[in-house]
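Starting off, we have a lone chain in the form predicted on its own, written out as structure tokens.
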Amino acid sequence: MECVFGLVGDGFALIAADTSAVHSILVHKSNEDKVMILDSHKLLGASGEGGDRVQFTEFIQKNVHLYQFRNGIPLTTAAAANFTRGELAIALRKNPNFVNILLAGYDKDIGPSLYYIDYIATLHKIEKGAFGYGSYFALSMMDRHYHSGMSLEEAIDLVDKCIMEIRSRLVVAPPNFVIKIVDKDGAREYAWRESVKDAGVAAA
């Protein structure tokens, strides 16, 4: 029951995601970070099949780094989103990746931005968005409470409302979430919202 959601505020963008690694009826771990720091000023939140999600997001991250090494300048957020969309479109006709992506970034002359990219290579620039079963609740909360130019405090309060709604309404709700933000100072982890901690395995 995955959930990834994000929004754009006043001078920043953020992405929040559940941290459950699930297959069938099994929860393998509850601290899986699904929001990748793509480069110094970009975040990539992904949901979908575990193997596709990890392989494809790492592929995008390494190619973004490769472009910067070759050319001496980083890709803009829009360019990274279009590159990601293009790779999904190519894969769609060969070996499809079942992965949905929210890509957030901050560009010096443009400011914060957020892009929606789904597994069939649809690309949209958005102010708020979500993927997964939790999106039914996250999107309704954002429709009600989101407004452009939100402060960081207002945005985090809205994220917490979305998480509480998912936990209380979704039949198999993920217990833990990670929140990351990107602004003029770069991309970084902001906070975790945990209700379950992974227990350490005792040594034999």
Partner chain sequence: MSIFEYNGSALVAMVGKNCFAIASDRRLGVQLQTIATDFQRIFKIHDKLYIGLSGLATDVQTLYQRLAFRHKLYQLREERDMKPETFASLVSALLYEKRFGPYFCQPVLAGLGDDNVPFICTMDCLGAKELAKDFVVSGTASESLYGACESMYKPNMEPEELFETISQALLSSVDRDCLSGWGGHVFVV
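Just so you know, these numbers come straight off a predicted model, no measurement behind them. Positions refer to the first chain, counted from 1.
Although not depicted, the form predicted in complex with its partner chain is the subject of the following passage.
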Partner contact for residue 59 in the model of the complex: its partner chain, 4.5 angstroms, heavy atom: no
is_contact(residue 89, its partner chain) in the model of the complex, heavy atom dist at most 4.5 Å: yes
Touches its partner chain in the model of the complex: residue 176 (any heavy atom, 4.5 Å): no
Residue contact check: residue 135 to its partner chain in the model of the complex, 4.5 Å heavy atom: yes
Neighbours of its partner chain in the model of the complex among 101-122 [non-hydrogen atom within 4.5 angstroms]: 116, 118, 119, 120, 121, 122
